[in-house]
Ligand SMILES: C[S@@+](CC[C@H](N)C(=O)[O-])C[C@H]1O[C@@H](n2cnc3c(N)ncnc32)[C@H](O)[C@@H]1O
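Before any questions on how it binds or moves, here is one chain, the form predicted on its own, in structure tokens.
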């Protein structure tokens, strides 16, 4: 696998996902896949994945969605998963090998920097992998180029923070204990940069897509897919927004933060885990 240099418009993202960020996501892969699976499944359902199709999986991470897509298209189809994270793709290749699939492949690449395999795919898909581009119109133009005539696009992205209790509850628990974080603009790359449905439609329209639909998908998730409260707390402090807020905090503040996060999550503990509201957009479009 050719190394991807931390350069270009997404240099900071490449550095993060090839360092601590990617390593943590590999460590918590099973937990994340359990939590996020309903959103990927819904996006695949609305995409209408068919046997024999060629699919591009954008920001495929540890490969869970690529494997599901490969099973859906069958032996007559194929899936190419792309990501900027070398450790996550290494995990994806291992998982695909364990599944004994021969129709799924992985590439280390930045979709924004250049098109991949022009006119090669029937479907471009993503589960929460498209919100981090510095120049999303450029990235989606490259996706547009990768699709065959009549090709389809389907992805899941997060709605606004207030619709996502699984994130906001952690932040509300920790913020009183730490200095305020630097402000993040609504269009800055990050999990909620596609929260504005009108912005998403505008980006895709500029990139050449038509028949654009942005539809809500609201559900509850078990935080980190965990049944045990303390496991959900560990997940929050390792993967959630509290991680960045507590990065430079002294030990006593971190200990207090753990207590406050635990108390906040305990209210939502059920037999199915810590159940919290989560809201995504399921976006579909066609190559114009």
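Positions refer to the first chain, counted from 1. Because the structure is a prediction, the values reported are computed rather than measured.
Form predicted together with this ligand: not shown, discussed below.
Between the options 106, 121, 133, 209, the residue in contact with this ligand in the model of the complex by a heavy atom within 4.5 angstroms is 133. Note on contacts: among 200, 157, 84, 73, the single residue with a heavy atom within 4.5 Å of this ligand in the model of the complex is 84.
In the model of the complex, none of the heavy atoms of residue 239 sits within 4.5 Å of a heavy atom of this ligand. Residue contact check for residue 59: one or more of its heavy atoms lie within 4.5 Å of this ligand in the model of the complex. This ligand in the model of the complex comes within 4.5 Å of a heavy atom belonging to residue 33. Put simply, residue 173 is far from this ligand in the model of the complex: not one heavy atom of it is within 4.5 Å.
Using a 4.5 Å heavy atom cutoff, 10, 25 and 110 all lie near this ligand in the model of the complex. Stretch 75-83 is the answer when you ask which of 213-221, 176-184, 94-102, 75-83 has residues with heavy atoms within 4.5 Å of this ligand in the model of the complex. Heavy atoms closer than or equal to 4.5 Å to this ligand in the model of the complex belong, across 120-140, to the residues 127, 128, 129, 132, 133, ordered by sequence position.
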